[in-house]
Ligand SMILES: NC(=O)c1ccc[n+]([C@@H]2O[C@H](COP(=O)([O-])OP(=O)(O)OC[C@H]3O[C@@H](n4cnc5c(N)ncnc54)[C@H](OP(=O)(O)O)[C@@H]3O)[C@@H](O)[C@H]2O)c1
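What follows is one chain in structure tokens, specifically the form predicted on its own.
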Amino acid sequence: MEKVAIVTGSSSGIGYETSLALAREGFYTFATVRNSKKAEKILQIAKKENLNIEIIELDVDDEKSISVAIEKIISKKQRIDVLVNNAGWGLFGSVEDVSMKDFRAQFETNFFGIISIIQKVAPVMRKQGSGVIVNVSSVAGRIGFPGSPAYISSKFALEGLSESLRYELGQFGVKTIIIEPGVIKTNFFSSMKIAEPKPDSPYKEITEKVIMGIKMMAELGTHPSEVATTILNAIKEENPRPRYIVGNDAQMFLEAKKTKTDAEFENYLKKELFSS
């Protein structure tokens, strides 16, 4: 039986590489994008390699768009075996500098949009008695640091949601996996929105240091194809682990967090972030 996969945010980066990896593995892959004009590159490769990739427009911020897209997929294939929730964006700025409007927008895409998609897909998987939901989180879903609290807290929320889903959907044969990449070499960081600091903001310097440090790390970051390979290998496991870490930087930070007290880890992270 042909397996069916959905990947959100497929126009570039992790979503792009994951859509290709799944299609190459034999999945009929619905690569969703907010704007189909940005799907030319993936369509060219799909045609060249004769891959079963179909582009579907889906805006995770728009519940109607989600409903239309998922209904179209179910109508065509009658099943969904893999859902990769990858679409998201990042916001730099301190808690005091980020407006409530932008804070809510960050959660709308990175958290509430994922819930909306799962609410449409979970009943299908539950009735099948099988399926895998992959939530692309981040090392920032387990480690807080200054400069991007909106993004970090949205990923912390996604981690909690994913853990709950493992209990709720696991009893019906549906698996939930969390992917925790470190800094990935994509346009994600260069396209992150930066909140305009207030004229007298005491956080301007620390936020700029974090932005500079992360962008420098991105130059040497992990290639998104490594994340795609991790996702592919995880969904093929009979009993996948709850979490998969991707990237040496993520591994280093999480290992340090595990072996140090909270206070020791804070001091360690301050040195790592601000040593320059």
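From 1 onward, residues are counted along the sequence shown. Predicted model only: the values in this text are computed from it and were never measured.
The following text describes the form predicted together with the named molecule, which does not appear among the structures shown.
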Q. Counting only non-hydrogen atoms, which stretch in 56-64, 236-244, 22-30, 40-48 is within 4.5 Å of the named molecule in the predicted complex?
A. 56-64
Q. Is there a heavy atom of F92 no more than 4.5 Å from a heavy atom of the named molecule in the predicted complex?
A. no
Q.
I'd like to check something about G131: if you look in the predicted complex, is any of its heavy atoms closer than or equal to 4.5 Å to a heavy atom of the named molecule?
A. no
Q. Is there a heavy atom of Y151 no more than 4.5 Å from a heavy atom of the named molecule in the predicted complex?
A. yes
Q) Contact between V136 and the named molecule in the predicted complex at 4.5 Å, heavy atoms? A) yes
Q | Partner-contacting position among F189, F107, Y203, F145 - heavy atom within 4.5 Å of the named molecule in the predicted complex | A | F189
Q. Hey, which residues along 215-240 are within 4.5 angstroms of the named molecule in the predicted complex, non-hydrogen atoms only?
A. none
